[in-house]
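Read the single chain below, which is given as structure tokens and is the form predicted alone.
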Amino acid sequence: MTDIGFVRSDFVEPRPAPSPTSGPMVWMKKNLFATPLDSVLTVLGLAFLAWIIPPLWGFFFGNAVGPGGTVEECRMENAGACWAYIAAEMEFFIYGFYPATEFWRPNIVFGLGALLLIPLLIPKVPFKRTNAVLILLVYPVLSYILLAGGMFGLRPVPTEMWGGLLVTLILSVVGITLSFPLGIILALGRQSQLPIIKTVCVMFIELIRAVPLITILFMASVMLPLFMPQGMTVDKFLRALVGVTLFTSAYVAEVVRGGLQAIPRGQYEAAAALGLGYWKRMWFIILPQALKHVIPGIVNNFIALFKDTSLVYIVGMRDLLEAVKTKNDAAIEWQSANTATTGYIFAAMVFWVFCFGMSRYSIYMENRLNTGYKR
């Protein structure tokens, strides 16, 4: 038998360790310096950051005047952002001309809204139906009684005195709450087999989408009183609320219609084969699938609605941005080189926080509801 065994008589030279496949250096080489062009762009980007970050840091933090500062510090030559001005005028930015002795009323509205909305947005919290009824039916009535007053011994506060973040949140929350179901009804009506319903919905949607929001607000402010009976007036805040809601509902209707058209025809036929009526087919089979597909588009309209509330100045309402502008023009004692800029930056930060929050929540809902389509 041939011996095929082999015993090595000398040591093998050590070989170099394999190249790492993970870590910061590997990531940088793969994403920042993979090609010569990537390397050039990375260097230019770092140079741009090195040029822009120091002055921004100095304006926002390094040379900024904190909440406890004075106007003299804000007027210094090298002073940055005047956060002391924001802290001093924060009440006006939140409540507008709402009486200071009645701030507890909008505070209760803010607190109740948060207590009802947060559990509704968390999927695992129970009693969703009760929570929805409270926030859609009970909360608006209670909020109006608290804010407007005139009953139960509460001091009347006309809507002309409302302003700031209070107006922005009310317009956006009520507009979103009302425009969503109205948009769904318009989308279903546009696909209806009844010519009258379809024609009315198509005319409404196309008319609203053909004009800018500022035109609708202007018409609601100027033209609506002309169609009311003599001696009867409509509150300016209500005019703005109706205009914003109708405008957003038309866009939501088109987004929902796109979701309805994306559903395969077999889903409609399968729902009909089960013996379900029209509304049950839509409620249990079609709409849940359609709305899941169009979450990004719907949230995009809601974000646009939140930002478009700044246009209500056309009807004399002072939202957050208009409150900042009004205070910038009126606060003579706080006039400095950076006071107005700081006010507008504060308003932009508030808008960004709310819009970014809605965007992140929509991504969370997409990931949670998209389990059946993951690859």
Partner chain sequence: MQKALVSIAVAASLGLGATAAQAAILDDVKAKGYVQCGVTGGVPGFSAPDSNNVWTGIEVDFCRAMAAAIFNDADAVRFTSLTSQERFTALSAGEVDVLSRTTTWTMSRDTQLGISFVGTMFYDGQGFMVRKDDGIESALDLSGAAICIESGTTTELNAADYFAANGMEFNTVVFVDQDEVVKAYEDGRCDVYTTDSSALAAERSKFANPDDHIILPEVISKEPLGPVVRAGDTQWFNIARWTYFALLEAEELGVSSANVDEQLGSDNPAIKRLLGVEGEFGAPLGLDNAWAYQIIKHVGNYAETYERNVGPSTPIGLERGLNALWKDGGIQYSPPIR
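Residue numbers count along the first chain shown, from 1. These numbers come from a predicted model, not from an experiment.
Beyond what is shown, the protein has a form predicted in complex with its partner chain; the following relates to that form.
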_Please tell me which of Tyr268, Phe218, Tyr278, Phe127 lies within 4.5 Å of its partner chain in the predicted complex, judged by heavy atoms._
Phe218
_Just to confirm, with a 4.5 Å cut-off on non-hydrogen atoms, which of Asn78, Thr233, Gln193, Thr101 contacts its partner chain in the predicted complex?_
Thr233
_Interface segment, criterion being heavy atoms within 4.5 Å of its partner chain in the predicted complex, picked from 242-250, 202-210, 84-92, 256-264_ = 84-92
*Partner contact for Gln335 in the predicted complex: its partner chain, 4.5 angstroms, heavy atom*: yes
*Determine whether any heavy atom of Thr326 comes within 4.5 Å of a heavy atom of its partner chain in the predicted complex, and answer yes or no.*
yes
*asked:* Against its partner chain in the predicted complex, would Ala330 count as a contact residue? Criterion: heavy atoms within 4.5 Å.
replied: yes
*Is there a non-hydrogen atom of Leu137 within 4.5 angstroms of a non-hydrogen atom of its partner chain in the predicted complex?*
no
*asked:* If you apply a 4.5 angstroms heavy atom cut-off, which residues in 92-115 are near its partner chain in the predicted complex?
replied: Phe92, Gly96, Phe97
